[in-house]
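Before any questions on how it binds or moves, here is one chain, the form predicted alone, in structure tokens.
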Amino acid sequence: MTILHINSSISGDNSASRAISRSILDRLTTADPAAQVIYRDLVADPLPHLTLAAFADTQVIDEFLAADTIVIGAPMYNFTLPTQLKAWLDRILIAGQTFRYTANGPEGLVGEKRVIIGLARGGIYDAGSPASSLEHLETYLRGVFGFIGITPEFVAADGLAISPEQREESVRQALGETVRIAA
């Protein structure tokens, strides 16, 4: 098995999304010690924003297509995903390679992959919460991966900016959830 591990948090060692994605990866590699891991830190080694010339560089799409499982650490910034992660997604959402347009609408071409995303959000964005209409991280990622034929799985730590106690409890629960999701 080949695992592509993507991180996009600017918070370094203080990052909840990095801790969650690392826990998912650790559990997957414990279950399959022979797994090959490809790591991409989109903050330490950022991709430039998409240009026409960038389509000539196939390294990112090749990494994605070669992976069986993709583990992503995704924090919410200003109600959505980091631009670093968006730049990566721009490299994998390619007509003819990961999706195609048909007379019946778009069709995803890479549904056999597993995508597990560790989310970190400062507030509470669940359905029914006062800020639910501002949640554009999980909904965006669910939409773009669905567009290419993948149903992503999520582990979320929410309310991280509410209090230190809330942060600690939320991260603890998310790390516990990685046991189930990586099984």
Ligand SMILES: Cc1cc2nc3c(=O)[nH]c(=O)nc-3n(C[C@H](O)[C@H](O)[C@H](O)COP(=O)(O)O)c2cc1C
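On a predicted model such as this, the values are computed, not experimentally measured, just so you know. For every residue, the number given is its place in the sequence shown, counted from 1.
Same protein, other form: the form predicted together with the named molecule, not shown, and the subject of what follows.
Asks: Each of 18, 79 and 120 having a non-hydrogen atom within 4.5 Å of the named molecule in the predicted bound form: is that the case here?
Replies: So, yes: the whole triplet contacts the named molecule.
Asks: Taking the named molecule as it sits in the predicted bound form, is residue 167 in contact with it (heavy atom to heavy atom, 4.5 Å or less)?
Replies: Because a heavy atom of residue 167 falls inside 4.5 Å of the named molecule in the predicted bound form, the answer is yes.
Asks: Contact with the named molecule in the predicted bound form for residue 23, defined as at least one heavy atom pair within 4.5 Å: yes or no?
Replies: Outside the cut-off, so no.
Asks: Would residue 145 count as a contact of the named molecule in the predicted bound form, using a 4.5 angstroms cut-off between non-hydrogen atoms?
Replies: No, residue 145 is distant from the partner.
Asks: Check residue 11 for me: does it contact the named molecule in the predicted bound form (non-hydrogen atoms, 4.5 angstroms)?
Replies: Residue 11: yes, in contact with the named molecule in the predicted bound form.
Asks: Thinking of the named molecule in the predicted bound form, which stretch from 70-78, 109-117, 96-104, 83-91 has heavy atoms inside 4.5 Å of it?
Replies: Only one stretch passes the 4.5 Å heavy-atom test: 70-78.
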